[in-house]
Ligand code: IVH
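Shown next as structure tokens: one chain only, the form predicted on its own.
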């Protein structure tokens, strides 16, 4: 056997196995980029050596054979897949071929390439009669019973022809995927790896009720058989007709007059795909005219009139070299993956988040594993899970350290918390971040002490904790870079003014877990002094309106540490006001008896300032929306709290509305 023939045989075996794992078993074993590269190499080999091309070659077939678990589903009109392009030069070459074959420039339609499972729906007399997967393009799997559970798939069509095969994609929305995994985690079940496999697995359930639980969705993008009416003339008209029949069509499909418009569409959605509630892995580009599509025809399995612009991969496999620990300003131990560097989406990834110890244990991630790493847009990469069949022997389950890896202090994990914490507030890993946070606007509002100066103070040995800020003088500050006389004077003046901020701001600035501006104001008004707060039991803390057991546990945990109490004593000795007016037991003011929730960013008020105004007027501020909520104060980028308020019929006001109530 010649070297090209041997290589072609090797590539065919690799691609056939990958097809079976992806299309039939829903358990991919290689990345999309590796698969595409192998298919392209095989196609190039067959082009260079035509005698190597056979009808059985993966370049001439689509997907994998249907599963024996379902009845065969023959396609009257084959469901063929697309050629791929990967960059601007490939895309322009496709456009040039189309123009040459057509005899004139073509116009196109761009559609998002949904990452799901291709599906054909047969309607007779406007009624859904059957549904089948693509399979090998000519024969798929009959999954009619399961597809009937997909709410996006209409049982009947309006004004449709006598016979129509609606072609599209079954997929799982990201939000539905997250909710499904949350429910599985709560039930002690393993999480699913990704939306695409979960959708494909859902369609192959023996019990349609299990399919229904996955809350799958559907988008249509083409037709197969079509009889009993005049067919559309263009792809734009086809999509409009499907929508008129009552079939869901992706709203982002766009007509493009030139290949430059197509390229702009592709670039836009590669940048913005993370904003969608479903996964896409590219853009499908089709010649708009259906008559021209028929004229251009096919080259093997690929239509000459369409192609897929493939985005750079968002997932890759690599070796997990080790698990490291980052210690945050609150002392939280955050595990992260140290990876054999791998390219994902045009970026070299060396580290990825592992969330927490429970997530590591649930996924059974171990150092030495080959792991799947996911990166979407600008989101921090995270480890999806291990590839168990590639796990080396003698790997051991990972255990979180019992001592802080930075200062060696004991590590504690509060009951009900998924994180462990260093018990030493003076831990060097925490100091810079604690000082920076102490000086922010929502905390002590010390202008001039930002990231750079906070780091410089720690590196110079001038600050080991926030109390040391109040021991600074002009001589010490002058030793630091870029600290002239005026800057030194301003910083010292800001530090002096911060001493009068009061207890609520101090509590928010200390970095106690779960205690931001709202909860700090509630605690300050309930206890009046930091001494009273420091000796309060968990039970007493939880009696405070708006303070639940988790926050009470965190506050008690903080003040139980001697190192934390020492910092508080030093702050008092340096003249900081650690008191606050007690809230009256019977609220007095125009907002007495009213409970507010603040969400989003207000135009001119920080959340802490808005909270103070509400509390001073006798109202209460809560962190969650319930039937007891009187008003939701919504600013820009308001999230789920606003949606829940709308669902419950709770009155919503903006900043102007809040001021009117006051």
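Numbering follows the first chain given and starts at 1. Note that the coordinates shown come from a computational prediction; the quantities given were computed from them, not determined experimentally.
Not on display, but discussed next: the form predicted together with the ligand.
> With the ligand left out of view, choose which of 113, 513, 215, 363 has a non-hydrogen atom within 4.5 angstroms of it in the model of the complex.
For this set of options, the contacting one is 113.
> 414, 428, 208, 303: which sits within 4.5 Å of the ligand in the model of the complex by any heavy atom?
Partner contact (heavy atom, 4.5 Å) among the options: 303.
> How about residue 339 - does it come within 4.5 Å of the ligand in the model of the complex, if we only consider non-hydrogen atoms?
No, residue 339 stays farther than 4.5 Å from the ligand in the model of the complex.
> Wondering, does residue 273 line up within 4.5 Å of the ligand in the model of the complex on heavy atoms?
Flag for residue 273 set to no.
> Although the partner isn't part of this model, could you tell me whether residue 483 comes within 4.5 Å of the ligand in the model of the complex, counting any heavy atom of the residue?
Taking the distances in the model of the complex, the answer for residue 483 is no, it never comes within 4.5 Å of the ligand.
> For residue 583, is any heavy atom within 4.5 Å of the ligand in the model of the complex, or not?
Residue 583: no, not in contact with the ligand in the model of the complex.
> In terms of non-hydrogen atoms within 4.5 angstroms, which of the given stretches 528-536, 257-265, 80-88, 384-392 touches the ligand in the model of the complex?
Heavy atoms within 4.5 Å of the ligand in the model of the complex occur in 80-88.
> Scan 158-183 and write down, in order along the chain, each residue with a heavy atom lying within 4.5 Å of the ligand in the model of the complex.
Read in sequence order, the lone residue that approaches the ligand (within 4.5 Å, in the model of the complex) is 169.
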